[in-house]
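Before any questions on binding or motion, here is one chain by itself as structure tokens, the form predicted on its own.
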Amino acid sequence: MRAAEMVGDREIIAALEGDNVYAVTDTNVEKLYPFVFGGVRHFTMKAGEANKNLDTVANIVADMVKRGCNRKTTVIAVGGGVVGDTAGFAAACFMRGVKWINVPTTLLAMVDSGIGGKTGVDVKGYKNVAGAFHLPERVLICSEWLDTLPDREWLCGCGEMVKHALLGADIFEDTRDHLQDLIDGDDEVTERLIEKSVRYKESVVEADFKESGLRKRLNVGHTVGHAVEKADIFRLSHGEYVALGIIAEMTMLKERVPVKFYEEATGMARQVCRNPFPKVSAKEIADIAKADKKNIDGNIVIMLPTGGGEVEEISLTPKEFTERLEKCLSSL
């Protein structure tokens, strides 16, 4: 796996001007950077999670055929996580797989979804249940593109960076001590913490590409987070739901977490998600969580950070999951 490259605009434009390339972007990015796509074969999907689906993949593949793409075509995804996931999956499907390059344009995609080769789309509201492991040839990260990022999407990325901090003992203190600087967009802090977060994610992926062991830890906050995201109809950003998931899961299993670490971790999560926990019942969350692909033998699995970079895999029956969540909902 090649390491992500920290680059400037010129390197991205040079990649797009290469021979036999096909770009995928969304309406937001094309509006902000129209000059990037001039003369480049490209498909513009509608922005938003609702468009990360099999219909969009089919439209991309059909357009590639119409525009003369072949097995030597390189797909270049230019956008946030939705674009990367969708375009990467289309690249994995087109003629049984072609090369692709990921150019993440959001903080979330730069530090998390853009790294690791997990591609896929949602089906009937269930996140990422259709997909493939398909590593990009290159990941090009240009922090200058973050200047146009809306505040909500900035916090979204901060949520995933908090998650990485809870998993990586060597980046925990730096993130905890400078989290407000990151939220405020301090350039030096942002560059440093992006680099640390990217390298942490890469190290985990390299050790466990197919998510059979170590990589499971990256699902911290995602069991409850994904379920609430679906139940709440994607009203908030993904990173905010992850932050809410971290708070909920650690509170559900509070007796297993050292008090000081619990307070620090949930405090960091609350910093990046200023919204209250959605008014969704514990039963509704549990019913959705039952379909999570991480589950084992009918039980709902939670990856629980316990401090010092340690993570415990907890398996709960749907009944116990619901009861534990019900008890703590009012405090979330």
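Note that the structure is a prediction, hence the values are computed from the model and not measured. The first residue of the shown sequence is 1; numbering continues from there.
The next section is about a form of this same protein that is not shown, the form predicted together with a small molecule.
Note on the interface: of 260-268, 56-64, 24-32, 286-294, the segment with non-hydrogen atoms within 4.5 angstroms of the small molecule in the predicted bound form is 24-32. For the chain shown alone, Glu153 is a contact residue for the small molecule in the predicted bound form, at least one non-hydrogen atom being within 4.5 angstroms. Under a 4.5 angstroms non-hydrogen atom cutoff, the small molecule in the predicted bound form has Ala47 among its neighbouring residues.
Contact annotation for Leu149: at least one heavy atom lies within 4.5 Å of the small molecule in the predicted bound form. Proximity of Lys52 to the small molecule in the predicted bound form: non-hydrogen atoms within 4.5 Å are present. Listed residues Gly225, Gly88, Gly159, Gly81 were compared with the small molecule in the predicted bound form; Gly81 is the one with a heavy atom within 4.5 Å. Note on the partner interface in the predicted bound form: the residue among Trp145, Tyr200, Phe172, Phe94 having a heavy atom within 4.5 angstroms of the small molecule is Trp145.
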